[in-house]
Structure formats: structure tokens, C-alpha cells
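A single chain, nothing else alongside it, follows as C-alpha cells in the form predicted on its own.
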């Protein structure tokens, strides 16, 4: 009997899962496994938790949802905490698995783990997080355009987005010692308090992802107004809010893309429906930028290799992170992030620009703060957007935001600033000290 490990990574779903389909075709039984990488529970060079409580809670909810869906199809999920390059071979030995099937990642640390695993087990990797299989692009990866518009025009013209793969009807597994799902407190984290001001109660897992997809498209028809509302700041439906589920793969980007196309066919196609696909292409582009440039996306001078002299003022950074700079628009956005783990796209651009261009602080420290707090942290998108803001990424221009002008344009009535800065609320610096 041929048996293999299906190693779940940032692909916590059963629908549109290429590695799962390949494993089921090639093997009699599979052992679904997830390794909670202990490195991501540690603190980084700046002293921040690499995975903060919001994202970790969302991840644990997603794993519970995945295990439940596996059980519905006759499967289960082995869960371990440690280093994947050690734990996966141990699981393989325990269950007599001869290979590993997994989704491919594109950034430095994840690729190092893949290389380590390849030394001890056959590792079969599949593209699961992109719209387009990289081999179908109309250029080699080393010829990826350095400007988004050139990339977009080529892929829109020459490449079609494949349809998502169906969910299997049965997943044959041996008897498994699944391992208990850890808790936040068991991992040394405080449970994050809920905040009534949050734009949405984000709940992890594919079930919640599809509920959100249905609600945003088919129930509320918010998609039809996306281009007009996408720069909003308050409420659930000014934007899709799909990003947390996309980040850990509870839903695939191809599934969302084709659902939008179905909406266009059945309801309407307008600038808004196109614009959501346009934003999915930005996400796609940053994946490929990470593939092309490797570790350079983490360098001080970014992929442009600019000579930089970033300052390091812990006091200024603390004011920025705690929402106490004195710039009310920046502060409101930073407090939303601190208290909920989420921030609008408009807010992210403004606070990043402020840290880099007004405070002159190292953009990588800001990116690390986002990595720790954001529910929807994605390596390529986070570092790609921060490089963009710092003028060292995929844009030849320095984009300096006038936050006062931005506030007047996008929060002209002051509702957003009042929501986060006025009235009763937790003190952000005390919150930082006691919680994070």
C-alpha cells in the first residue's frame, strides 16, 4: 500500500487543492499533517512576536475547521508543534509514508524548509496560492516586469485563470494520532479581547471564508459598489475583507476570481467587479516579485538596492505603533490595528508613508510590526507593499502621502478618527505592555 503525507501549509482548505488531488491520484492513503512552526511563535530581531495573538487565534480556528472538514470526508489532521523539516520526517516514519505532497511557497525561509525536506524525503510541490501557474506566464520569471501595469497588461491578454479543482468526495487515511489542537493560553498568549469597533468578526476557516464570499457578492451585492467604496474606513462592506482567509489559504484566489466572474455573468459586470480582480492581480504580482527577487525583498534598500540610511529611534517608533504621534489620521489607523489586528488599505498606505517619510524610520521595522499584528499577514504582499511605500520597490516614484489631505478626502466628517481616538477605550501603550 502506497502512503504519503499531505503537508498543509498556507493552504488550509480541501477545495482547489492541487497537492491533495495529486496525492489522491498517486497513493492509496494519505496522512494529512500540519506543523505549527515554532520559529513563528518566537520574537523577531525587533522584539515583536512574529505571530501575534490575532493571527494565531485565526490560524487555530482555521485548523479546527480544516480538521472537521477532513473528518467529514473520512480523513483527519495530524498536528505537531516544532520544525517542519524535523516533524514531517518523524510523521513519515511513524506512518510508513514514502513521500510528501505540499503546496509550494515562494519566500526565503519557507524555501529553506523545502530544501531541507528534499534531502530526506521525496517532496512533490504544487502551485496553490496564485491565479496563474508560473509556467504559464508569457515571460520567464527573471523577465517579470518591474512595474505592475506592464505585468497586468501581459497576463490579462495572454493567460487565462484556471478553474478551481473540486473538493474530493472521500479522503482515505490510516488510523491517526491526530494531536490536540493547542490553545492560545497553552502557547503562552493572552486571548485578545474583542472590540466592538472592529470592522468584522473575522473567524478562521474555509466555512467562514465562503460565508463571507457569499455575503459580499450574492447577499449584499457589495461587489457592485466596490470601486466606489474600497477606500472606506468604517464598516464591514467598504471592501471585501477576503485577505485573512486568502493569507492562510482557507480559500483559494482562483475560487474568488471565478466567483466574481460568475457574478459578472449573472448579476452585472462593471468597473467595480473588474477592480476586485485588478486587486487580486496586485496580490499575484507581489507573489511573483518574491519569486524573482528572493531575499532582496527583505534588504534595507529593497529590490532596487538603493543606498539607505534609515534611522532607529525607539521612542518615535513606539509613538507610531501605539497611535500617539499627534497625527490623528495616522493614530486612528494604528489604534485600529493594535486593538483589532486589521487596518484598511487606505490606512496602511498612510501609516507606512508616515513612518518612512516623516519619521525616517526603517521600513523593515514597520513591516515586522505589521507581520506581528495583521490578521491577513502575507509575506510577499506585506513586504512588497512596504517597499512600495518606501520608494525601493516596484515603483520608480517616491509616494509620500499628505496625511492631512488624505484625512480630509477619506474621513471628511471625522467619523473614523472619532471612533478610534475619542470616548472610552483602552490606553494603547498600556495595551502594548500588558498584551503584546
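Quick caveat: nothing in here was measured; it's all calculated off a predicted structure. Residue numbers count along the first chain shown, from 1.
This protein has a second form, the form predicted in complex with a small molecule, left out of what is shown; the following refers to that one.
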**Study point:** the small molecule: the contacting residue among 197, 357, 203, 283 in the model of the complex [heavy atom, 4.5 Å]
**Key:** 283
**Study point:** Among the candidates 76, 224, 243, 107, the residue which, in the model of the complex, approaches the small molecule to within 4.5 Å (heavy atoms)
**Key:** 243
Check your understanding: Might residue 31 be said to contact the small molecule in the model of the complex, defining contact as any heavy atom within 4.5 Å?
Key -> no
Review point. Can residue 372 be called a contact residue for the small molecule in the model of the complex at 4.5 Å between heavy atoms?
Key: no
Practice item. Flag residue 279 as yes or no: does it have a non-hydrogen atom within 4.5 angstroms of any non-hydrogen atom of the small molecule in the model of the complex? Key: yes
Check your understanding: Is residue 348 one of the residues lying within 4.5 Å of the small molecule in the model of the complex, judged by heavy atom distances?
Key -> yes
Review point. Counting only heavy atoms and a 4.5 Å cutoff, which of 38-46, 402-410, 64-72, 377-385 contacts the small molecule in the model of the complex?
Key: 377-385
